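Listed next as structure tokens is one chain, alone, in the form predicted on its own.
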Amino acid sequence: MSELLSYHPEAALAVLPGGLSRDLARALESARQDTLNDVEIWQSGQIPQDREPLDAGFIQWPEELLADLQLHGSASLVARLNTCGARLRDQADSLVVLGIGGSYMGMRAMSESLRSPFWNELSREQRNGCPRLYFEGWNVDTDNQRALLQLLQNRAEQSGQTPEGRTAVIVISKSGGTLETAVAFRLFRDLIEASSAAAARDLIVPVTGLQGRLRSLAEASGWSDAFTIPDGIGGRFSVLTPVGLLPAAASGMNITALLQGAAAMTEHFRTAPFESNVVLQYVAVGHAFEQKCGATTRILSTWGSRLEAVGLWYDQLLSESLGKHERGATPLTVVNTRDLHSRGQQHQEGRRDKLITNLLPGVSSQDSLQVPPHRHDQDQLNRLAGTSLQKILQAAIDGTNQAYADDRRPTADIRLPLLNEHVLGQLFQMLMLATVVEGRLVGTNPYGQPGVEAYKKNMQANLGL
């Protein structure tokens, strides 16, 4: 088991007028209880109108799956996801995940965090038999989809009916009616069925609701597996359901560790006092800066590129959950040191409407590269010969934070002990819990996304659907 991630707001609190008040601490204790009560209300099935919609099922879901695994073993959902994932690995060398929003962003975050950035360029042996991974169905971009379809078609023609030539598809849509994903699925389904209609039975796996268009299609098509998105868990809270767990299992990730990390964070949220509770402290600092300082832009500053997709996943989570009734902070993900040479200028000297949270990845699993010496020293880097890139990055982190502190720009840190499935499970659960707690604190229902539905209705009307 990995140690728990930690939250360090000391630099931010040093510039917060009056610090965190006792009234805010009491309000957050109440919001924590409201969040936990949501689970009992949802389980009762008697949901008051002022709580609708209520998708609190994600809170206890990791614990339920772990209990199911312990009780039912090979018949448990975790075991069935692992079995299906192993079959997809064995039978195909390319895996396309079709989905939009919460249906793919969590898996993308896991893939970029835990896999080589050049994963798809590695040989099958170097990938330990795990498939190349592609994401589609999140847009209606002809050029992008055509290029991927052609790549997969060429691979099939070159390698034939061997795993190296086959493509598997996991299509994710609770209703089956999300147009971007449904259209992409038509195209990729045709690709697989054209290669081998018999093989398609094992190579296409839907993840969907108990009812809807995709469920009906699954029943009519006779695919070997179909997994259910649980009721009471909305799309942006679904990363630790089959939505994220199935493609993670197919990619060879440890989904039990993901769930254990999330369960550990939930227990910490339930029991840790306000002063040491990472969820409550994170919400307190964000809310206090918004209320006292007008910091309505929340920047998640990821250091190194591996965590950028986690930030993009969080952008959706915060935007759709709290961006309602003309309220809600605006999230923005940056990657440093890259964005210090673009947005960094505004963060250092622009409007004082920003709270910067550094997301720090912890100890690398790889030995750090070092600056080599060279006989031609016109670049004057021999003075850094033998210095690790990790040390240079840490110097950039420390220097940036010092520059912000010198100008009284607020920063806080989320520190990950390392990057693995257990820690990512913690991080996902922490940010989901924090989002709900803040919604309860400010009186915004964090569930549902009525603003997103408006474009869907207009889009379908424009197409005569």
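Just count from 1 along the sequence shown to find any residue number. Only a predicted model underlies this, so the values are computations on that prediction, with no experimental measurement involved.
The same protein also exists as the form predicted together with a small molecule; that form is not shown, yet it is the one meant from here on.
The shortest heavy atom separation between Thr241 and the small molecule in the model of the complex exceeds 4.5 Å.
Heavy atoms of Arg166 never reach within 4.5 Å of the small molecule in the model of the complex, leaving it off the interface. The small molecule is not drawn, but in the model of the complex it has a heavy atom within 4.5 Å of Thr178.
Ile100 belongs to the set of residues with a heavy atom inside 4.5 Å of the small molecule in the model of the complex. Residue Gly235 is the only one of Pro131, Gly261, Gly235, Gly106 with a heavy atom lying within 4.5 Å of the small molecule in the model of the complex. In terms of contact with the small molecule in the model of the complex, the residue from Glu320, Asp93, Glu290, Glu308 that brings a heavy atom within 4.5 Å is Glu320. With the small molecule omitted here, the record of contacts in the model of the complex names 167-175 of 332-340, 375-383, 167-175, 279-287, defined by a heavy atom within 4.5 Å.
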